[in-house]
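Just the one chain here, laid out as structure tokens, in the form predicted alone.
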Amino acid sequence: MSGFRKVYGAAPQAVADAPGRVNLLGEHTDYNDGFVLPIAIAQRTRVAMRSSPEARFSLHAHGQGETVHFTLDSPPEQHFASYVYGCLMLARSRGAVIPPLQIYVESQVPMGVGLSSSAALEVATLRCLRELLALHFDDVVIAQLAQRAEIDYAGVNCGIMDQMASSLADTSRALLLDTRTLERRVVELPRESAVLVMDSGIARSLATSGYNQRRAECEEAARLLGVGSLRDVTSAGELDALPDLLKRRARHVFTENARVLQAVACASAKEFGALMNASHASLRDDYEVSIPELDRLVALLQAQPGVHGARLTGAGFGGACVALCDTHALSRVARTVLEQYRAAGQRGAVLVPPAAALATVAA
């Protein structure tokens, strides 16, 4: 990794990476012990490390323009560094003896759009530590530690979907995950279909958005229903006992879990896409995490020939939309929708496939 040598004057002793992810179905279900269906994306975050000659840690993130220094007893003030620091602390809590390190991070995963840039950073950091220190952490443990790092050190009360997807998923098949038991299996995408992800141009931060509020609302709904989590609701009729707002939040979770399981059994891309469309309507109306720009972009995608379905992806409040398209239509859809969205005064971008891959499809 040439960037590491430029910053630190030596080669790294360990290098690891991890992908971002896009969630096809199962939004806001992971922290309710529910089902999710993410798939990894081509963009990855890479982390390199070597032992430091100094008594402190140095962290340089390509693109941040600064090198952050800290010790395990004196955490960094910069927010981006808290993810790495949290991984170091949690690895230490599992018995790892961690010397001062020189750490370098570079990432292709877009930030602030719902593609799990933070999970990719956490998983890549823990994988790099595993290689450097010969730690006996399997991929599930790495995901669990990464989740705790985000909750305990970055202040986002997240579920485990993002970290499990970054640690275990690949780019060709979706990962059906039961977030309660962590049972999982790979799921083939419908034949002749491909995933398209487009940025709405509206960034969002989970730490300052309504994410934690939605989680608290779900927990209150479960408490009022007398269940451990909304995963334990067995019929929609049970939700009638809730106040209107909590009923709508819980209804999204209940129906979204059902959509994930239905998608796994889908016989066609058309059926899968219809579930994505229904998911967006639920996220917009019942969970209220969409915004006008996301609704506009989803509508443009849904109107295109060759698009089976589209929805916002990630926590909402900005970020990206995902669509399931005919493979042969991917390039045309991306180009047409981007032109239409920009003509409406918005600043969008195609995120998945990456530009080089999209050019190959077009050729």
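All values derive from a computational prediction rather than experimental measurement. Throughout, we count residues from 1 along the sequence that is shown.
Keep in mind the form predicted in complex with alpha-D-galactopyranose (GLA) is missing from the figure; the text below concerns it.
In the predicted bound form, alpha-D-galactopyranose (GLA) sits within 4.5 Å of a heavy atom of residue 315.
alpha-D-galactopyranose (GLA) in the predicted bound form comes within 4.5 Å of a heavy atom belonging to residue 158.
Contact annotation for residue 38: none of its heavy atoms lies within 4.5 Å of alpha-D-galactopyranose (GLA) in the predicted bound form.
By the criterion of a heavy atom within 4.5 Å, residue 57 is excluded from the residues contacting alpha-D-galactopyranose (GLA) in the predicted bound form. This chain lacks the partner; the member of 272, 254, 211, 83 within 4.5 angstroms of alpha-D-galactopyranose (GLA) in the predicted bound form by a non-hydrogen atom is 211. Picking from 291-299, 59-67, 30-38, 45-53 the stretch near alpha-D-galactopyranose (GLA) in the predicted bound form, with a 4.5 Å limit on heavy atoms, gives 30-38. Scanning 228-264 for heavy atoms within 4.5 Å of alpha-D-galactopyranose (GLA) in the predicted bound form gives no residues at all.
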